[in-house]
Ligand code: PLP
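Okay, so here's just one chain, in structure tokens, the form predicted on its own.
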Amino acid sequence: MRLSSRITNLLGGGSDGWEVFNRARALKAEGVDIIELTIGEHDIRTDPRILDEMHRSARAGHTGYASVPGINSLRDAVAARITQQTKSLTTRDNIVITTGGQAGLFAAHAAICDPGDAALYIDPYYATYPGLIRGTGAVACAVQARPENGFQPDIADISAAANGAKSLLINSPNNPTGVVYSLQTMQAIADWCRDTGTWLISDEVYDTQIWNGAHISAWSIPEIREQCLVVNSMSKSFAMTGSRIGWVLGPEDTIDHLINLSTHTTYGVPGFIQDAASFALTQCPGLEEAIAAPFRRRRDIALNILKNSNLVRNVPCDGAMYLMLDIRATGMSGEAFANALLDECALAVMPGESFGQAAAGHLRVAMTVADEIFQDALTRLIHFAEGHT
């Protein structure tokens, strides 16, 4: 029987970008000792206080159907967090709770794009972006951010690719590059979206992981707020990746429609998980900073190791839990380098090509193992590069 073109075309006829990761996991399953610097999974798990609250809530009976928009206490806590961060008054009516940031991004595009509409996204990109856009029936259109511009998007490039696009998806702090979009970049994007009538979808899941400069939320720019959807989650800021809880922030009328979408798709998020998220936001002061601290520390370790290397250079890493390493001086592609590194050194990193053509000749390295292991792995990576030129 024939399947829909929407589901069979999620990958656009190409790769899903996860080949090196899958090979590493297969080798690990065979008993090979692999150091994985591939995915953004914290090496320190969810705080026991949050798990205790999750358990308490479940034992107390909050295991039935929960409020589809999200329980009021959680929506209020999220709104208060956003108001404090952006200095922009936000209420629960601007928030719908979703099953993680990924579902939020899908919902945002479903709300804006009709089948056949062009939806822009910045390359380098998180590997699932093109597929989730295609999954809504929209046409995924990449806009390359250039290495020579520090991977900051350029409005001229966005305009050239636009061709009547309905939406533009951005991500700052950025996965995979670690780049934080400047105020100038964010204002230029907001002005362009306003002038062209394009919706802005802003993925801000790494907003608490800022090592240099400041995070500029799209929601903090008043002139774009009525045509802007911001997606965030508890995954990175509170190390709750497996809990699958996030939100979409936007204008009240748009959020009403997204609540309808949730009613007809996920039917909400389990109540005991929502209670745990509300507890984390309101009862765990300083936890976000504590969760971010190891990545800041490892970033400093990496910069010290890389400062004397002519073959492996870091893209300025101002945020997020990743390093983007430029290995073009080795003459190898990111894919060739990553595969050989796995085979010869039992060290798994992601090739830049997994995140788009703009990142070709680069590697993404997740700073998600203990400091001493991370330092050893990065040193081995540089030695590998020196031996393959």
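The first residue of the shown sequence is 1; numbering continues from there. Keep in mind that what you see is a predicted model, and the values were worked out from it rather than measured.
Not pictured, yet referred to below: the form predicted together with ligand PLP.
- When ligand PLP is considered in the model of the complex, only one residue from 254, 314, 235, 136 comes within 4.5 Å through any heavy atom, namely 235.
- 126 is the sole member of 272, 192, 279, 126 with a non-hydrogen atom within 4.5 Å of ligand PLP in the model of the complex.
- Using a 4.5 angstroms limit between non-hydrogen atoms, residue 171 touches ligand PLP in the model of the complex.
- For the chain shown alone, residue 250 is not a contact residue for ligand PLP in the model of the complex, no non-hydrogen atom being within 4.5 angstroms.
- In the model of the complex, at least one heavy atom of residue 100 sits within 4.5 Å of a heavy atom of ligand PLP.
- Although the partner is absent here, residue 175 sits close enough that one of its heavy atoms falls within 4.5 Å of ligand PLP in the model of the complex.
- Note that among 85-93, 298-306, 198-206, 158-166, the stretch whose heavy atoms approach ligand PLP to within 4.5 Å in the model of the complex is 198-206.
- Of all the residues from 281-297, none has a non-hydrogen atom no more than 4.5 Å from ligand PLP in the model of the complex.
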